[in-house]
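For reference, the chain that follows is the form predicted alone, supplied as structure tokens.
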Amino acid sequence: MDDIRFAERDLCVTEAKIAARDVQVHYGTNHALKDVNVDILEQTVTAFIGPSGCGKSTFLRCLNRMNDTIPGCRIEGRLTLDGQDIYDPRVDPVQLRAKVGMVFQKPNPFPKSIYDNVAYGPRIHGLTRNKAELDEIVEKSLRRAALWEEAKDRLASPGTGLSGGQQQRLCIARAIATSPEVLLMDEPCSALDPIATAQIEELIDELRAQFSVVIVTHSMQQAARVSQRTAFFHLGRLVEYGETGQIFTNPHDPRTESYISGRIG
């Protein structure tokens, strides 16, 4: 029976874009994440929801090894991207982050021109051979991020001169310029007004055709609008994971139902 379970588990690893098995995260003596098992599917928006401090952003940062930069952080278990262990010592975290892009809560454009913000990743990873190829990537990335029409006549202007919503779309353009396979978003709309939020949500839906998108959000309404699958975290554990409609209308775990109905959180 154990052999059958092991075979089924391996099958999940090969089918998932990202697979987590028995993931634990410790910050010093604090056991921040416990026994997380989840499959992130291709061309799907997956939302992580749960109360503040429940572990959702900690887990998100595991997916591109951002936790490597935190002193005293220790990660156990297995995390794979296309079946490859991303914590294998032979994996270069810089190259991994080219494959697994990230957009943060607060728009953080570099103090450079709009053009140079988007060109930064392709330049440092050596993805282009000449200026014409770089121009093409910059335009394509800005178009994908729905920013080209607003930015094409001011590419030499500072990225910091854009509005908040435009800055966040610039950060998305910068993240996708290296042609990642997965796009992580840590509360990408929490600093934005409702109009900019609606634009980013529309963009997330469009990006799903090209990337696996994982979004941490404090807004259950946003999770319901943009995602196909939802994971509910509580007190460092992944309580429930499934299709978004099922999670919100017919959750299996009473803790999920309590959070969605507002009784906890």
Partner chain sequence: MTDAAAPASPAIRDGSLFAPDAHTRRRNAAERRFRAYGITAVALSILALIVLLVSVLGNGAGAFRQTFIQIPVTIDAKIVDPKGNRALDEMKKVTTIGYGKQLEASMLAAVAAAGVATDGLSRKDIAGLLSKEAAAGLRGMVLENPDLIGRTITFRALANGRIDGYFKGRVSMDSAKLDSNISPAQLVLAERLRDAGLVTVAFNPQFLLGADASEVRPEAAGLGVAILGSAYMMIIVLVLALPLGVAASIYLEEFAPKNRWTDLIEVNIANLAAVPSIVYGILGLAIFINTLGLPQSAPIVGGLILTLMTLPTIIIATRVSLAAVPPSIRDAALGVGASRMQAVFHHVLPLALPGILTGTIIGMARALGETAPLLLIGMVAFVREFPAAPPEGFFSPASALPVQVYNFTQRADPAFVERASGAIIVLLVFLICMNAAAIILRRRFERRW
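Rigid core here is just the name for the largest C-alpha set that superposes within 1.5 Å across the two forms. Owing to the predicted nature of the structure, the values given are computational and were not obtained by experimental measurement. Numbering follows the first chain given and starts at 1.
There is also a form predicted in complex with the partner chain; it is not shown, and the following applies to it.
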| property | result |
| --- | --- |
| Interface membership of Arg144, the partner chain in the predicted bound form, 4.5 Å heavy atom rule | no |
| Contact of Arg169 with the partner chain in the predicted bound form (heavy atom, 4.5 Å) | no |
| Contact label in the predicted bound form: Met102 to the partner chain, heavy atom within 4.5 Å | yes |
| Interface membership of His234, the partner chain in the predicted bound form, 4.5 Å heavy atom rule | no |
| The unique member of Ala151, Leu162, Cys189, Ala98 whose heavy atoms fall within 4.5 Å of the partner chain in the predicted bound form | Ala98 |
| Answer option from Lys140, Arg78, Arg74, His125, heavy atom within 4.5 Å of the partner chain in the predicted bound form | His125 |
| Heavy atom distance at most 4.5 Å to the partner chain in the predicted bound form, all of Thr197, Phe211 and Gln228 | no |
| Interface segment, criterion being heavy atoms within 4.5 Å of the partner chain in the predicted bound form, picked from 129-137, 106-114, 81-89, 189-197 | 106-114 |
| Residues in 56-89 close to the partner chain in the predicted bound form, defined by a heavy atom within 4.5 Å, in order | Arg61, Met66, Thr69 |
| Leu170 C-alpha shift between the shown form and the other one of 2 Å or more, rigid core reference | yes |
| C-alpha of Gly101 moved at least 2 Å between the shown form and the other one on rigid core | no |
| Rigid-core frame, C-alpha of Pro188, shift of 2 angstroms or more between the shown form and the other one | no |
| Closer or farther: C-alpha pair Gln210/Leu162 in the predicted bound form, relative to this form, given a change of 3 Å or more | farther |
